[in-house]
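To begin, one chain is listed below as structure tokens, in the form predicted on its own.
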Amino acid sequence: MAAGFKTVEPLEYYRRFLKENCRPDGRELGEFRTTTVNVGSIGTADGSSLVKLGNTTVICGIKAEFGAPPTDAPDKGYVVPNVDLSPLCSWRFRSGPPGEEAQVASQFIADVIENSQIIQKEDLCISSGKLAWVLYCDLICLNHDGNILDACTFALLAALKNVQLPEVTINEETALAEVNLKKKSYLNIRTHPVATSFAVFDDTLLIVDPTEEEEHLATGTLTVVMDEEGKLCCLHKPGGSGLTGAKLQDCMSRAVTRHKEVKKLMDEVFKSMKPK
């Protein structure tokens, strides 16, 4: 009976749960799904991670290559993110060039990198005007069950913290790069941006970490990205219902709390990896 009602009237089905301050999957309105992270998942990458947010699963692999610095910024390197939403992760996506949702997600991650200054691009310069690191960050969604932006941001941060780059020097006589693979160092991660996404129901009710079904039924979505100092790095609201100042403040307060939870989880994972 309940399954039939959900199929015919999915929004009304959800409203009956939301009136009781809970959701069909048993979560409270402000409760996140179980979050897990593994790092170093891809042996062929220079840094990698796998993040699960409930059923939503994203893997991030980072490859470091040499490139010429930009002519207008000769002392900077590059960080190039790309989000891949293939038919593997959801029936909604098709093979071929990236669709609109994938392009929006890629731009969102690029904005987070730029606004949060997670890495200063000057740190990626090897020789001013001659050689710099290019970090290709491929984020591949394996299972899309909503809240892809939170999962991608977390996966990117964990993978960047896992990256080790070899020492590179420029031979003055030959002007060629010499790579010392025996001497590697981690990237200087300057901030830890964490995304927190919300769905708006009936223009007023806020729920965190929406599933794919909840995103579809919502009248709007909002993603807030904060760093460890409580500084707002990015605010992403693709149309939909407007929010009052008070509601927006609630979202930012919840994002600060979520940052602490994610940072604690990540610190525990990296601590467990260190040799004793």
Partner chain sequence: MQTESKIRADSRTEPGPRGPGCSLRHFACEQNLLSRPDGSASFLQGDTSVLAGVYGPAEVKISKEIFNKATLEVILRPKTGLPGVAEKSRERLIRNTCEAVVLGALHPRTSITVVLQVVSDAGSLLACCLNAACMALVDAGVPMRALFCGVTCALDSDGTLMLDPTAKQEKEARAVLTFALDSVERKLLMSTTKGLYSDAELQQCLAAAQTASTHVFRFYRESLQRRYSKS
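None of these values were measured; they are calculated from a predicted model. Residue numbers count along the first chain shown, from 1.
Another form exists, predicted together with its partner chain; not displayed. Remarks below refer to it.
Partner-proximal stretch of 176-184, 97-105, 71-79, 130-138 relative to its partner chain in the predicted bound form, 4.5 angstroms, heavy atom: Every other range fails; the passing one is 97-105.
Leu243: touches its partner chain in the predicted bound form, heavy atom cutoff 4.5 angstroms: Yes, Leu243 is a contact residue.
4.5 Å heavy atom contact, Thr34 to its partner chain in the predicted bound form: Thr34: no contact with its partner chain in the predicted bound form.
Proximity of Asn115 to its partner chain in the predicted bound form, heavy atoms at 4.5 Å: Heavy-atom contact with its partner chain at 4.5 Å: present for Asn115.
Just to confirm, Leu232 within 4.5 Å of its partner chain in the predicted bound form by heavy atoms? Leu232 belongs to the contact set for its partner chain.
Counting non-hydrogen atoms within 4.5 angstroms of its partner chain in the predicted bound form, say which of Cys22, Met252, Leu11, Leu265 makes the cut. Filtering the options by heavy-atom distance leaves Met252.
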